[in-house]
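Heads up, the chain below is alone and in the form predicted alone; it's given as C-alpha cells.
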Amino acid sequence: MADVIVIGGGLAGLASTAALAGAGHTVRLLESRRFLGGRATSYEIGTGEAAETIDNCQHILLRCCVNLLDFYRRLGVGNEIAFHSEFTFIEPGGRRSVLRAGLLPTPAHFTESFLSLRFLSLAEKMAVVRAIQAIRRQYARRTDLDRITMQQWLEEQRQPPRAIERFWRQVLVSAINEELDRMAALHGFQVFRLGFLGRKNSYEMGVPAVPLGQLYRADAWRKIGNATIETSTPAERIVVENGAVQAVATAGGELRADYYVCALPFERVRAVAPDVDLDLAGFEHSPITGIHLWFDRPVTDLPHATLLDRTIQWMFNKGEGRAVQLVVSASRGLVDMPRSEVIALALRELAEFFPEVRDAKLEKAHVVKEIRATFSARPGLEARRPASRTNLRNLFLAGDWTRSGWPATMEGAVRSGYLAAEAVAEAAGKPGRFLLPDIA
C-alpha cells in the first residue's frame, strides 16, 4: 500500500483521505486552518455566555447526493442529517404553498402538490410542466447545453417571466449559486434531472442537525483507517524534480510520500503548485451571504422556507424559532453593502413573511460573506475543468472546481475527492472504485 499526502482539508481533501485510508493506504492530510471542512464548516463567535457556534453558511444536500451521503456513512455521521420531504414557499404577506411528493409514481410524483401551488397561475404551472418534460427529452440529445445559459433556454421554452422568477430562479440559483443569465443550462438540467425527475425521494432535503464542523470530528476518523489529520499545517510549496513531486514544504520541514493529492481551491493552486499545468482562464467566483439573527422570542414555526420575490431566498430555523439563518446565493449585490445595512434589509424582508418579527427584539446578529463560495458555473467552463491527473506523475487534483460531473456543491467536492483517490489507487497498483454512480 502507498503513503499519500493530501493537501487541503475541505470536503474534497477529506473525501480523498477517507477513501484511500479506508482502502488500506496510509494518508496524511494537511490543513492550513485549525478546523476542517473548508467552506462547509462551523466556528464559534462571541465569548462566554454569548458564544454561539455557527455554520459559515447553511449547507444542505438532497438524497440524490449519493457520494456525499456515502462520505458521511464512512465517518459514521449519517444519522446526524435530518431529511425533510416538504418545501414551503412563502410570498410577501405570508401566503404559503407546500411542494411534496404525492401518490403518483416518478416522474409524476409532484403533480398533486404542484398543481396546488398558490404562487403560480394555472397557465404558469402548465408552462413549467412543459419545460420539465423538455428537460427529460433534451438532456441526452442536445449538445449545446454548456454553450447557452439557463435563462436563454427558459426563454426558448417560452417560460412566463413570473414562472422564471418564482420557480426556476428560486430553485436553481440556490442549487448552483449563480444567476440564470450566467449559469450554463447544463447545470440547471442536472438539478432537475436528478433532484426532481430521479427517484421519488431524491428531492428530499437534508439539513445537518449539528454544526458542520462536528461532522468531521476527530473520533470519526478513528474508524476510517490509517489517516492522520494535521490542522494548522499549511503547505507552502510542492517540490518538483524530474516531472514528479518529491516533497511538500511546510514550516516544519519537507514531508514526503509516494503520491500527493492537491485539494486546494483553484485560486490557491498556482501559489503552492506552480509546476502544475493548469488553464484557469474563465474561472471566477460567485459569493454566498449568510445572515444569522437571534431574537428574544420565536418568529416562525417552520424548519425552513424559501422566500419569494425578495433578496433573501431561504430561511432556516436554527433554534426553536428564535434563531434563524437567512441565505442569499449569488449575492453580488450584498458584497459591498455595510453589515448594518445587510441586517436592516434582512429584518425588513423577514417581517414581510413572518409578522412576528415586527414585535420581536433582535438580540444579536452576524453576517458571513463567503466571497469565494463557489466557482461561477458559466457557459463554456465545463470543458476547462481539469481532470484528477496532472502533468506530474504522482500528483492528483481534487476540488469542486475540477471535472467531477457536478457543479460546485458538497456532492461535487466529494465526487472529486473520490475520483482523485481512484487515480491514486490505480497509480499505486491497487485499483479501487470509490465513486458511486448518479441515481439517474
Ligand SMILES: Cc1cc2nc3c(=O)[nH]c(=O)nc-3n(C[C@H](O)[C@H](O)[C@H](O)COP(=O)(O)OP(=O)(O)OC[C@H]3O[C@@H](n4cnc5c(N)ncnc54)[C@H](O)[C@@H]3O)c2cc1C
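The numbering used is simple: start at 1 and walk along the sequence shown. Only a predicted model underlies this, so the values are computations on that prediction, with no experimental measurement involved.
The following text describes the form predicted together with the named molecule, which does not appear among the structures shown.
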Note: the named molecule not shown here; in the predicted complex, the stretch from 194-202, 268-276, 297-305, 141-149 having heavy atoms within 4.5 Å of it is 268-276
(request) Considering only heavy atoms, tell me if A19 and the named molecule come within 4.5 Å of each other in the predicted complex. (result) no
### Message
When the contact criterion is heavy atoms within 4.5 Å, does L264 count as touching the named molecule in the predicted complex?
### Response
yes
> How about S97: is it within 4.5 Å of the named molecule in the predicted complex, going by heavy atoms?
Replying inline: no
Hey, in the predicted complex, is T374 touching the named molecule, heavy atoms inside 4.5 Å?
yes
The named molecule in the predicted complex has a heavy atom of only one listed residue within 4.5 Å, and of R39, R28, R385, R389 that residue is R39
In sequence order, the residues of 222-259 that place a heavy atom within 4.5 Å of the named molecule in the predicted complex are T233, P234, A235
